[in-house]
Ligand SMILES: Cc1cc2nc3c(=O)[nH]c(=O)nc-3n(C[C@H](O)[C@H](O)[C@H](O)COP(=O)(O)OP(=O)(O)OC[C@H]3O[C@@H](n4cnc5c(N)ncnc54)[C@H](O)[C@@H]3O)c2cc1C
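Starting off, we have a lone chain in the form predicted alone, written out as structure tokens.
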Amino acid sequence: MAHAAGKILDAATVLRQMEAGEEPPQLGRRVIVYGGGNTAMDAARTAKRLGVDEAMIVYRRSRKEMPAHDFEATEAEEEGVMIHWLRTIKQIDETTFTVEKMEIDDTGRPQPTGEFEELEADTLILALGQDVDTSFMENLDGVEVARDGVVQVDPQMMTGRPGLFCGGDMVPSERTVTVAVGHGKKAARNIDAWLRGKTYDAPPKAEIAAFDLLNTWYYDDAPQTQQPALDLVRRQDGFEEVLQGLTEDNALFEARRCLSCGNCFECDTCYGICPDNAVTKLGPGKRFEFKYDYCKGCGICAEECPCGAIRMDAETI
């Protein structure tokens, strides 16, 4: 890059400042956001709300490969954000940005084409993913670091060096907060077991309550009281919620309609429908007892259970 841009900011910092109510950054008339994730979309939409004339996103892949939710890109475009797909910044000269056109190869990776164009902007906001620094682990005995910088771990989240555990962005996985939190819990259980000289055995996962096992007739439809989305003009002039969501009353109504998929919530359907009186109520929170000496295996209880908590198995003799 020949010279620095007029101003280079970090997207996470900009969004944090806005959330904290701090003085908004001076962005100028034109802004380029570099990246293709949800953070990039948020930064560009925030720039529009701060009054810039042009908010542009430059992303090196196509819409199909972008990590952002599709609706985020759609809403950004509706608000006037220009998205330059298959572009990467090659050089910055004050407020002139030279971008190179890219194309997706057979493996799905962007490749340069040698074709360039120029964009003008006063501020560059970087919304690029961050990588972990695993260089300090490359010389540790037993630790295997791949070419892309991730660390290989076994099913217990432990590296090839006994007692060294890794997770989150450091290991091959989806780089999301949800996955990182899950890895933290999983690693903690395995570390605890390892320190006690044992191996942690995860309990078997519950069966998935497939939709065909649910009886949605059990509850009536909820009233359609969801508030409409904020109109386009108001979306661009302020920071009100775009999607208004449910009213408080409707949210509570929806919560009470939970079918507790795969888990008995003591609706008494099996108790009331059994023709053989083979179901006994055990009291609040204790669910039911099935008396197999009375049950003839008609399966009505399993068929009518709204949440799929009853399974019929063939009797073994």
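A quick note: this is a predicted structure, and the numbers were derived from the prediction, not measured. Each residue number is its position in the shown sequence, starting from 1. Superpose the two forms; the largest set of C-alphas matching within 1.5 Å is the rigid core.
Missing here is the form predicted together with the named molecule; even so, the following discussion is about that form.
- The candidate spot formed by Asp42, Glu72 and Arg175 lies fully in contact with the named molecule in the predicted complex, as each residue has a heavy atom within 4.5 Å of it.
- Gly168 is the sole member of Gly149, Gly80, Gly168, Pro110 with a non-hydrogen atom within 4.5 Å of the named molecule in the predicted complex.
- When the named molecule is considered in the predicted complex, only one residue from Val242, Met158, Ala180, Leu126 comes within 4.5 Å through any heavy atom, namely Ala180.
- You can rule out all but one of 51 to 59, 26 to 34, 244 to 252, 64 to 72: in the predicted complex, only 64 to 72 has residues with a heavy atom within 4.5 Å of the named molecule.
- In the predicted complex, the named molecule stays beyond 4.5 Å of every heavy atom belonging to Leu9.
- Contact check for Leu15: a non-hydrogen atom falls within 4.5 Å of the named molecule in the predicted complex.
- Proximity of Gln130 to the named molecule in the predicted complex falls within the 4.5 Å heavy atom cutoff.
- Once both forms are fitted on their core, a CA shift of 2 Å or more is seen for Gly168 between this form and the one not shown.
- Annotation: Cα of Met157 displaced by at least 2 Å between this form and the one not shown, core superposition.
- Met137 is among the residues whose C-alpha shifts by 2 Å or more between this form and the one not shown once the rigid core is aligned.
- Here's the thing about Val132 and Asp42: their CA atoms end up at least 3 Å closer in the predicted complex than they are in this form.
- In the predicted complex, the CA atoms of Gly108 and Ser135 move farther apart by at least 3 angstroms compared with the shown structure.
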